[in-house]
Every structure is written in structure tokens, then in C-alpha cells.
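As a starting point, one isolated chain is supplied in C-alpha cells, in the form predicted on its own.
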Amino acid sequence: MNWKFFILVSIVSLSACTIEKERSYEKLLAFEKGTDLEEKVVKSAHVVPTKQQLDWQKLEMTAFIHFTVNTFTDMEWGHGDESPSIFNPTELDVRQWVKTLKDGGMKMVILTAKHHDGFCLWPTKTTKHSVVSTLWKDGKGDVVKELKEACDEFDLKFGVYLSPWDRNAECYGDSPRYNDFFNEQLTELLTWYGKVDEVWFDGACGEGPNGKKQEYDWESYYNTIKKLQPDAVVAVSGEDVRWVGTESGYGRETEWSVTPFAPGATPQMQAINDELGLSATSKDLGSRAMIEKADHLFWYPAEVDVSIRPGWFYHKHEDDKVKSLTKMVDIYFNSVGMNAVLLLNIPPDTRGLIHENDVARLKEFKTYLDETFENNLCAGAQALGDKNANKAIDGDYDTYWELNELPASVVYELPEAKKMNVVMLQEYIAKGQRVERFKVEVKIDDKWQEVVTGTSIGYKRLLRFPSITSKQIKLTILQARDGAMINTFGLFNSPDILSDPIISRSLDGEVSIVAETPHPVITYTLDGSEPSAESKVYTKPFALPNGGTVKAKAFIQDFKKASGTKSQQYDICKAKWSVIDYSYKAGDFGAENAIDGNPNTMWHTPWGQDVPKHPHHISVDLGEKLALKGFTYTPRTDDNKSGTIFKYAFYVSNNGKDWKKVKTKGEFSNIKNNPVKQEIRFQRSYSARYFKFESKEGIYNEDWIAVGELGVITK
């Protein structure tokens, strides 16, 4: 071969490789047929977010506001037949909401403009089931407008949640009519109030009034948004932002924004996911094994939604159940710190204000984050060896340490030895997500000691470890897809958290109080008052067989530092209870586990193929006649939610034979997404010695059930 021709061919080939390496695929990559795994993995490193997706990711923490007629009916899912007149907040102040949320570190507010009950928080022209039919402001109010104006005033971004499921709309179930109706509502929200930054859809789809299943025209919804608000991201039944798959507040240990999981809810995208066996809840959404099976890859980042309370809407009985600071911090590290955006729900109360307990927790939470991350210990450090690694500690998001040959390490030397317990890593995701494995070591007594290891990084990865003091820290990128781009490496020393006390009660009514913090002083009250240094000191378990309110607080440093107040409301203890009848049990998962006072044990019916179907039942002797005002159901408490009950019936009796109907068509609203203890209150009291609980349907339409605990409400 002519040597000049050989050089020319080589130059062309090299240029082609360089062009391919620099090429990026915004939001979508379609593989050519026959592409092998190695080439797929390399190309996956060049899938990048849109500008809107990147800007959204940088928000880190956003707020959800659940507020509608449910706030006034004490429900999670309304039925659609509620009178609009019940919506009458006496002190509604959206500026208080927005100021509270901004002070808590939130960068955007998303409002439930319409939930499943169909009640609209703006004066829509599509229905009278809205604020125009309320006593609030004589029907002239507009919550959406007021909130948008407050967001503009406080410089927060603004988003709307519009439920596709509408239990009030007469046309729901007539798919073409309802889709036009829904697009008209969407158009109003996207044209009446200025810029909208996020549109949030869930995928709830219930039976229409005519018995037909509504078929949502997702394509038309997306087109409406693109036409009217082209810069808005659409979540989570949308094409820009993915639901992480749980409402617990926790993301995956390995969270890939580059995924074969197809975005949106159109039939075309659903077909892709069905073929790959993927859903939002799948544990693996981005490994090499998944990429090998895929024909497409998408930039589809995760949003972690969770409520600051057990429920999504305000309930007075949850005022003392606001998540502790310890829990909030744990959620932050496992959402924002796991390559996701945290969407934290803070529901206003019946006054139209965010409750004082929620305000206090948000302030405490933001203070903790500020104290943790205000001082990056890497400031002033120097990279030993590869000086380009200094770009990862220069504080500039638009610079990054680029690594092409892996594994690769860098040692950062601090100006002096520092105490640390948190490491932060960020990739320059404007050019893709690439890192698959890394580790961090510190030098102690001239020996390297591994403190954390991890898999994916993405926009941000935060890892905690026991406090250690060192001057030299080594970062090693072990594996990545076509090199790595490390934008930030940070080290921090987070303050200790005084954990809130944990209150529990045994089957025979003995109350115990413990705390995770070593050796605190715990005080408590039984009269509903706030515990203080002068309250009774807890030293050993005490009897509370007839129930009551236990409030406790932990103290350290001679009462100078106090935990949050924890409260538990107990009803009658179960020492006299017994199971007199039940449908089935599987192995050791007996029906008595449902009333043993321990939610971590469970009653479970046989599972698998050809097993007994619904209804399943359990009948309980309370040992004495009680005035029953309601009951509680706690699902199984492990990570597996199989068998969780959705629809139920409840009966009472005085002889255990003749049963009186109390509820025959009950449902635990939203329990599929938020499987926490359910408290059901009756419209009146029933005097009875026995109760029967009966399952009708499970959240996954399985034939079996699981019950962590059942209780009654007499207080």
C-alpha cells in the first residue's frame, strides 16, 4: 500500500473516532441493528440531558403542596361527590407557604391544582366543581394564581399537578370527550398564569361513571404542554422526569439517568418497557446487562417523592407524626445524594397554613444542611500527581477532571488534618453519566484505609462514614463508560444529630422509650403537655393498658441540647384479645400475628398458584365490650408489599356470630404508593365485643393478603 494513502486513511479513521467520541445524543439514543455491547456501552456515555432536564436536576429539592377538599374531609383520596362548600380555609396565606418552603431549601413548588376528586383550585371554565362554588372569598378566589404570584415574589419555580383521574367529571370514561375536557383544563393552567416549570402527572386510572375505562391520550397532553410551555419538564407519567418507584423517600443504590426504561405513558413507550420487562419499580434500570438488551437509551432522571407526614394531605392526628430530623437527613442523603431530585410534600392545614410543626422541622432541616455543607474541607487542598484533578475541587461547575485511562487515582492533600464524615462526588452530566465504580480512602498512620465505595454517581452522590481525621484522601475511579468527568469532589464534617426518642408498647400495655443517641436523658408526659427538663425522667418501662398520649423528648449536654418531641397515641391494649376465626394462614404466618402488638410480624395467607382467593377474613374477640369509633390496619413492614390490602369490609358483633355491617365497600386510598398505617374512623360509635375484618381486593390484584397489625380506635 502506498504509504501516503495509508497515512491519509489513518487520519480519516482517527478523525471519525474523534468525532464519534465527541458526539452526544440529547435525551434519546437509538442503536443500529447489530450493535455489540461494547459499542453500546461507549455510546451510552454520550447520552445527555436537555437544557431543561439539566436545570431541573440542579434544583435538588422541590416541594409538593397537596391541598383540596380532602384537607377538609380528612381523606387521602376523595370520591368526587364532596360539596365544594366544605373548601373554606379561614387563614389561607400562600406567601407563608412559599416563604416556609424557600427557607427550607426548596427551589420549586408544585401544587395539586386538581386531585382525583376533580375539585379545581382555579376558576376553570370546564366545571363548577371548583373554587367558584365555595364560600372562600365568595367564590372569587384562585389558589393557583395566588401561589404563582408568591413564587414569583420569592423567586421560586412553579409547577402544577393535574390528575388525569377525575372522580367528579361526568365525561370520565367517555375517552374522546374526557381527553378534550382534560386538555382544556391543561390549557387553562398553562396559559393563565405565566411560566410553568414542571407539569406533574400520575398514572391513576379508575372506572368511569358509565363503567368504561378511560383511555388517556397522553400524546395530546404532551403536545399541549410542548405548544404552550415548551420549557417545562413533564413528570412522572411524563417524558422528562421519572418516578423513582417508591414514595418512601429513598432512591436506588445504583441510580442511572441513562436507562433503557422508555419515558412517558404512550402505548409506544409502554410497549418498549413491556418487551424489556421494565417498570418504574424495577431494581435495575441501567446496568450493562440491561443496555445489552436495549434498542434505545433515554436520559430519564429520577425524582423521589415523599411526604413530611405519613399522609399526603393534612390530617390533624398526624401533627405529632412529622418526620424527625434524623429521618429527613437520611432521606436527603438517599435521594439528592443518590442522583435524584427530592420532591418533598408539605400539606397545608384547614386554616390554609403550613402547620407550625412542619415549619419547625423544615427550618431545623435546612440549618443542618447548611452546617454540613457550608465548609468544603477540600478548599485549599492540592492534587498530588495529576494536577488536572484540581478541577474537581475548584468550586466551578463548568470545569471537570477528565479521566480516559481507568482505573485512575488521585491523592488530595489538605492544608492540615481535618475531621470528616461525608464525601460528595459529582459528574459533569452535561456530557453524560459514566462512572460505574469508585472508592475513597484516607491515610491513617501512613496506611490507606478505605472509608466508602460506590457504584453510580451522576449529578450528585453523597456517602456518610464514621468520623475520621486525616490530611490525605485518595479518590479512585475504578470503572466507567468511555472515561469519566468528575466535576466535584468534596469532604465535609456533618454535626451529630440528637435522635428523637422511639416510643413502643408491648402487648400487655407496657411502654418503653429508647433513643439511638447514646446515654441521653429522656423525659416524658402523659397529659399531652410538652416534655421539658422538669418532666418525669424515663428510667424503666411503665404500664399504660387503657391507652393515652405519651410524649417524650431526649436531652444531652446537661439539658442544653434537646431532640424533637415524639408522641404516640395508644388505644386499649390487646392483652385480652384473641382470634376466634380466620380464613387461611401460610406456615408460621398465623392470624394471631395480626393482633400481637408487633407490626413486624404478620398474618399471611397462602401465596402462589391455585391458592384461596378473596375474601379473606379474621374475627377477633376483644375480651370486653368496647365503644368502637374506628379501626387501624398496618401493612407488612418489610420491603415486600405483596399482599397489601386495598379494599375491605368491617363488621362488629356482640356474640361473635351475628355480624353488623359497618363498612362493606371501604378502601385504603393511596396505600399502594404509601403503604403506612391506615386509620379509619366511623361516622358513629359501635358498642361491640367482636370485630371481623375482611379483604376484598389487594393492591396488586393478588389472591393472598398480608396484615402487619390490626387495631381498634376507642378514643
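Fair warning: this is a prediction, and the values are worked out from it, not measured in the lab. Quick note: we count residues from 1 along the sequence shown, nothing fancier.
Another form, the form predicted in complex with ligand FUL, is not on view; read the next lines as being about it.
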Just one of 45 to 53, 28 to 36, 657 to 665, 62 to 70 has heavy atoms within 4.5 Å of ligand FUL in the predicted complex; which?
62 to 70
Of 115, 461, 242, 434, the only residue with a heavy atom within 4.5 Å of ligand FUL in the predicted complex is 115
The one residue among 122, 200, 538, 182 placing a heavy atom within 4.5 Å of ligand FUL in the predicted complex is 200
Is residue 685 close enough to touch ligand FUL in the predicted complex, meaning at least one heavy atom pair within 4.5 Å?
no
Please determine whether residue 161 contacts ligand FUL in the predicted complex, using a 4.5 Å cut-off between heavy atoms.
yes
Is residue 653 near ligand FUL? Define near as a heavy atom within 4.5 Å, in the predicted complex.
no
Within a 4.5 Å heavy atom cut-off, is residue 678 in contact with ligand FUL in the predicted complex?
no
Scan 653 to 682 and note down the residues that get a heavy atom within 4.5 Å of ligand FUL in the predicted complex; none is a fine answer too.
670, 673
